[in-house]
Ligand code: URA
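Next up is one chain by itself, shown in structure tokens, the form predicted on its own.
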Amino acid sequence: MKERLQKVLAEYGIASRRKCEQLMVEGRVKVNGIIVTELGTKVDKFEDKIELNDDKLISLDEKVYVLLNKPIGYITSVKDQFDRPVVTDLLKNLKVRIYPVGRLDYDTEGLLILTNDGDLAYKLTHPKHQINKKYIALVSGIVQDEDIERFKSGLFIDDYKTAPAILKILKRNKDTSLINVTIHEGKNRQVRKMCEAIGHKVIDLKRISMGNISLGELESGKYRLLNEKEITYLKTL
């Protein structure tokens, strides 16, 4: 069924319908390669190729998989009741609604996957799918070798005992330590609480990988689409 072009543009989340009409009048919208300025124009949002400023808009029914390097100071949500910055604010050029898979704390940075594939999001966050999540943490004090075994045995935090986790000491400084932590659970602020349980407060925390998906050299605040190999990997977990 065909709908008015300005309505379809608004559905993409580009702007209000009135603002989308203005974009059309300005000659910034193309349908199937032709500039459209007539406000009564109707299109098929699943069949027609719609472009804004010569950038093709992703089909509303197309599955999208994004890897974001979340900066500190952003909420892992699509909106916040206190009007704080949310991760989707960093995806302004991606004209399709996608949602975070799992969470990263406000004061934690690093790898975050976002998608509009609800089935995959459910799979990645379900406890029975034990997907390793790896973090780099700078903590206060000098982490000892015996702490490695404590992580491996599980730690009591809040009202539960964590599953076995992997702790690697990367560097010991004068009064801080740089460590690598791997967990497969996703409890609230789990890595921070585990470090505090062994007497070391987290100063900085960054997630660098989730399963075989790695952050790599992606800059803070930037995102990229997952490639076919990465998508296939996630779907076969």
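Remember, predicted model here, so these are calculated numbers, not experimental data. Numbering starts at 1 and follows the sequence shown.
What follows is about the form predicted in complex with this ligand, which we do not show.
For the three residues Tyr74, Leu90 and Lys222, a heavy atom within 4.5 Å of this ligand turns up in the predicted bound form in no case. Distance criterion of 4.5 Å from any heavy atom to this ligand in the predicted bound form singles out Arg192 from the list Arg28, Arg192, Lys45, His184.
A single residue from the set Leu104, Val101, Ile98, Leu155 has any heavy atom within 4.5 angstroms of this ligand in the predicted bound form; that residue is Leu104. When this ligand is considered in the predicted bound form, Leu205 lines it closely, a heavy atom lying within 4.5 Å. Taking the partner from the other structure, this ligand in the predicted bound form has no heavy atom within 4.5 Å of any heavy atom of Phe151.
Heavy atoms within 4.5 Å of this ligand in the predicted bound form belong, among the stretches 156 to 164, 120 to 128, 136 to 144, 105 to 113, to residues of 105 to 113.
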